[in-house]
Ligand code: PFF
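Before any questions on binding or motion, here is one chain by itself as C-alpha cells, the form predicted on its own.
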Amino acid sequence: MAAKRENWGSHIGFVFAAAGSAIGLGNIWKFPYLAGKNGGAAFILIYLISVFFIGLSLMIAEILIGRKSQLNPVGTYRTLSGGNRKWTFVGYLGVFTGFIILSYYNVVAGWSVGYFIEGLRGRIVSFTSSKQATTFFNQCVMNPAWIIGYQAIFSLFTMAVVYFGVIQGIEKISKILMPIFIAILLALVIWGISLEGSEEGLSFLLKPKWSNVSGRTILEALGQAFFSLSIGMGALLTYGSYLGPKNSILKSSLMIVILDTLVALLAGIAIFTSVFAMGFSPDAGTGLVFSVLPAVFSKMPGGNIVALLFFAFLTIASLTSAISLLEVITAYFVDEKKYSRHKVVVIAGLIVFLVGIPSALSFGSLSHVTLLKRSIFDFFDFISSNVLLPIGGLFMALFVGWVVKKTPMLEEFRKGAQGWVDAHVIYGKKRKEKQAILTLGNVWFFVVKYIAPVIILLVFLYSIGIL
C-alpha cells in the first residue's frame, strides 16, 4: 500500500504546503491582537519560547509518526501501536476534527473571497467610520445568497486543489501561492510602515509592557503557539506521511515554525500600523478584519489597492489551510477504504459544504438557534478549538512519549538529519556531529514525553474555563 502512495516531489514543496497548513486566519487577526493586549513584545517573547520549545517539539512528533507509518491518522495510530485498536480513536478524532473545522472554516474563508470581489467592485472603501463598515459586514453575512454563495466558491477552490493529488495539486499550488502570499505580506508591511502615525501601531505591538503580563498571558501564549501550528488535527501527520526518508524532519519543522511565526509578526505590523495611522481602535478582536480594516482602507491613500491585496492575502492563507484539512479526510478514505481520490474529494467536499450551511446561516436566519448558549458557528468553533484540538494533541504527545518505543522514534528523528547537521556544525568531526543529533533527539523526546502533556493539559483547562 505504501508504495502506491504519492510522495512530495521536493522538500520545499512539503515545507510550503505544511507552512500553508499552519498559517491561517488565526495568524492574521488573533496573534497580533493577543500580543498587543497582553504586553506587546513581552507576550511575543513568551510566545517565541513556547513555539520553539513546545510547539516545535509537537510538530516534529506529528510529522514524524506520519512519515514512520506512511499512512493516514487512523492507519498511523493502528500500525504504530502494534494493532492496538484502542489508539485508533485518536486517528478517528483527527479526521473528525478536520471535518468539523473545515465545515465552518469554509464559511469564514468565503468572507475573504466575498470581500475581495466586493473590493473589485469598489464597495469596501466607501466607509467613513467603522460603524458603517460593521453595518455592511452584517448585511453581507445575514444574506443567505451572499454567505452560502461565497462559501460554495471557496469550497470548490479547495476541492479542485485536492482533487489533483499531492504533487500536481497541493504541492504545485503551494509553490505558486506561498511566494505570492509572502510578497503581498511584505508589500502590506512596507505600506503600513510608510504611513504617518504608524509608529504608534509598532509601539502597541512591539513595546514590552511587563505590567500586562500575568499567568493568563503565559497560558494564552502557550495556547496560541499550539493552535497556530495546526497541531492535533492530523494535517501535519498526513502531510508527513508523504515525506521521504532523506528529508530532515528537524530542518523542515524549523522552517515551518519560522515561516509561521514571521507571518504572524509581519501581519501584526501590517495591520496595526494601518489601524493606528488612520486613527482607529485596535481592540475589535475578531471583528478587526471585516469590520474595522475596510474603514481603515477607506481613509487610506490608494486604499482600494491595499484592500484588494489584503483580502487576496487572506484568501490564500485560508486556502492553504483548507486544503490540508480536506486532505486529512481524503487520505483516510483512500488508505483505509481504498476509494479513489477523485471520488472521495467530490463526495467529502460536498458533505463538508452541506454541514457548514447551518454555521453560515447562524449569522442570519438561524441566529436564534443555540447550542450550549452559543450560535451554531460559535459552538463548532469552541468545540474544535477548545476541546477537540487540545485532546488530539494531548493524546498524540502521550502516544509518542509513552506508547511507541523510544528507539524507533529517535531513529526516525535522525533520518535525513545527518547531512544537515554536517553542514551546520562548526567543528566538522563526525563524532561531534553524531552526538549533536543524539542530544537533539533526546531533548525532543523528553519534551514530548514529560513537558508537552502537562502544558497541553493546562492550556485545555484554561480554554474551557476551569483555570
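Under this definition, the rigid core comprises the largest set of C-alpha atoms superposing within 1.5 Å between the forms. No experiment lies behind these values; they were computed from the predicted model shown. Numbers follow the displayed sequence, beginning with 1.
The next section is about a form of this same protein that is not shown, the form predicted in complex with the ligand.
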**Message:** Quick check for you: of 290-298, 209-217, 228-236, 139-147, which stretch puts a non-hydrogen atom within 4.5 Å of the ligand in the predicted complex?
**Reply:** 228-236
**Message:** At 4.5 Å between heavy atoms, is residue 174 in contact with the ligand in the predicted complex?
**Reply:** no
**Asked** With the cut-off set at 4.5 Å between non-hydrogen atoms, does residue 457 touch the ligand in the predicted complex?
**Response** no
**Item:** Heavy atom of residue 27 within 4.5 Å of the ligand in the predicted complex
**Value:** yes
**Request:** Please run the contact check for residue 22 against the ligand in the predicted complex: heavy atoms, 4.5 angstroms, yes or no?
**Result:** yes
**Item:** Triple contact flag 103, 353 and 357 to the ligand in the predicted complex, non-hydrogen atom at 4.5 angstroms
**Value:** no
**Fill in**
the ligand in the predicted complex has a heavy atom of only one listed residue within 4.5 Å, and of 130, 321, 315, 248 that residue is 321
**Message:** Please identify the residue among 325, 256, 221, 345 with any heavy atom within 4.5 Å of the ligand in the predicted complex.
**Reply:** 325
**Asked** Is residue 30 one of the residues whose C-alpha moves 2 Å or more between this form and the one not shown after the core fit?
**Response** yes
**Item:** Post core alignment: residue 181 C-alpha displaced by 2 Å or more between this form and the one not shown
**Value:** yes
